[in-house]
Structure formats: structure tokens, C-alpha cells
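The data below hold one chain only, encoded as C-alpha cells and taken in the form predicted on its own.
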Amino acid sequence: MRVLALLDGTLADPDTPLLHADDLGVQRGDGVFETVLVVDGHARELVPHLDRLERSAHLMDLSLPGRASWQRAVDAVIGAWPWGTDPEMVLKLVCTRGVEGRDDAPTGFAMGRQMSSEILRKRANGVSAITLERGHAPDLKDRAPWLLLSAKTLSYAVNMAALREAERRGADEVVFTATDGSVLEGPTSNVVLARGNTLLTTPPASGVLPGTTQGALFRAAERAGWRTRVEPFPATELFHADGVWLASSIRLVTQVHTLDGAQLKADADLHAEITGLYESQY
């Protein structure tokens, strides 16, 4: 099941080609995107997702269509989705720089698709992960802003290559590390760990994407009396934490039970509490 909408709110046939062969999103991965979870017709964290889309476009000097256009497309997809049979939808918002050499407006659209069984498996069972070097220092973001380290661009080839490497090694997921051994993020997620009554995640200043799901979890945790910290920490901390999770819009708060072949603490009651905190937002 797929539903495709253009930014004027009209629906389009998802089986009909939409992009030109010389669209810069196809040619160079020159564009930005966001992936939003929609449950029973409600788009979770839509405003933070649109904020992040605008921020990514600004970092790329990309002229992004106005927020009202994205809202029209979102509403059209949600309105056409069969909520009676599919209570969850993966909604992707995409904007490319458009056709090379033309001054037309950027290409933008929204597409909804069904949740995959693989995502549901990871949510339910947790994941194994490996650490892989990302190859940059944690302070590189400010020194080299042209590398777009904290922008959500269409250029996800490295991220997908990392996940394929994890699969080759018999794991589900990846935790990227910086050149100093500190934790960065997953290819499509933020890393969160628990130490006592404190939740910890990596700061965006280290070149990671600001997390919408991680942000929602931290807001809920703070209301419930947890402490939250956004600061660098070494990968060795993951092996001593009371719990480790990968937070993403679609997989939600997924427990990591194995890292580099070593079993991590994966307390079922703590996991239920953490996921309950996140769900309390909605």
C-alpha cells in the first residue's frame, strides 16, 4: 500500500514516474528528507520533523517550499490512507534541488507506505549491533560545515553501506563512533543509554542529527522525574549501561541487546518503562 501526494495537495499514481532523469536528487543525492510515523491518522512529531527539514535545507542552501505546502501534502496522504486496515503508516517527505540547469522550483512530494515486518520485528525483539568508525572527529561539524554532518540529506549511501556491513557480520544495526572513540549515532537513529535514573545521548554538536524521537523520549522522562543529559560519551560506556536503545521515528525506542558480540544489559522491565515514557507523549 502506497499513497503519493504532491505539494499542492493532489494525489498522484505512485506507479507513474515522478522525477526527471536529470533531477539532482537522482543525479547527486542533492536534497533533503524526513520520515514521520503516522498512527491512526496522527503524524507524530510533525512540527519537529518540519523544523528539521527546514534546518537541513538551510544547511544545503536549498530553497525549500513553504510549510503550508508540506502540510497540504501530509493531509492528502493521511486522508487517503486506509486507517481501518493499516493503523500505522511510514510517511516520507522529500525535496530535491530539481532539474539540473533549470530555475524551476525544487521537486517535493510526500509518500506514505506500510510498516514492514522487519521493523515490527526489531521493535518487538530488540536488535544486535556493531560499532563502526564514521571517520570524523566529534568537533568537525563546526570546523567543516560544508560536510553537512548534521543535515538529513538524500545522500545515505554510507549509512546503507554500514547496515549492509552489519548484516554481513550477523548483526541488525550499527553504532557509529568518532575518531576519539566516542559514540555518534546509528545510520538512521540516535543512541540513548540509561545509567541509574539518567538518560544520556550524544549532542548534535558532535555532528549527529538532532533526534525527534529521542527528544520526545527525553521530554517525557524529565516529566516523570528522570534526569537527561546531552553530552559526549565513549563507546565503552555502552557495555556498562543499564540499558541501550536506538531511537528513531519508525522503529521507535528499540532495545540493543548485543553489541560487538557481547551481551548488554537488557532488562525487560526497564525497557517497558522507557517505551512507556515515549508512548505517554501520544
Ligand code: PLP
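Nothing here was measured: the structure is a model prediction, and the numbers come from that model. Note that residue numbering begins at 1 and tracks the sequence as displayed.
Another form exists, predicted in complex with the ligand; not displayed. Remarks below refer to it.
- Against the ligand in the model of the complex, the set S69, T96 and G108 makes no contact: no member has a heavy atom within 4.5 Å.
- Residue contact with the ligand in the model of the complex: T188 places a heavy atom within 4.5 Å of it.
- Residue contact check for K152: one or more of its heavy atoms lie within 4.5 Å of the ligand in the model of the complex.
- Shown alone here, S56 lies farther than 4.5 Å from the ligand in the model of the complex, counting heavy atoms only.
- Contact annotation for T131: none of its heavy atoms lies within 4.5 Å of the ligand in the model of the complex.
- Only one listed stretch (80-88, 178-186, 161-169, 96-104) carries heavy atoms within 4.5 Å of the ligand in the model of the complex, and that stretch is 178-186.
- With contact defined as any non-hydrogen atom lying within 4.5 angstroms of the ligand in the model of the complex, the contacting residues in 47-64 are H49, R52, given in sequence order.
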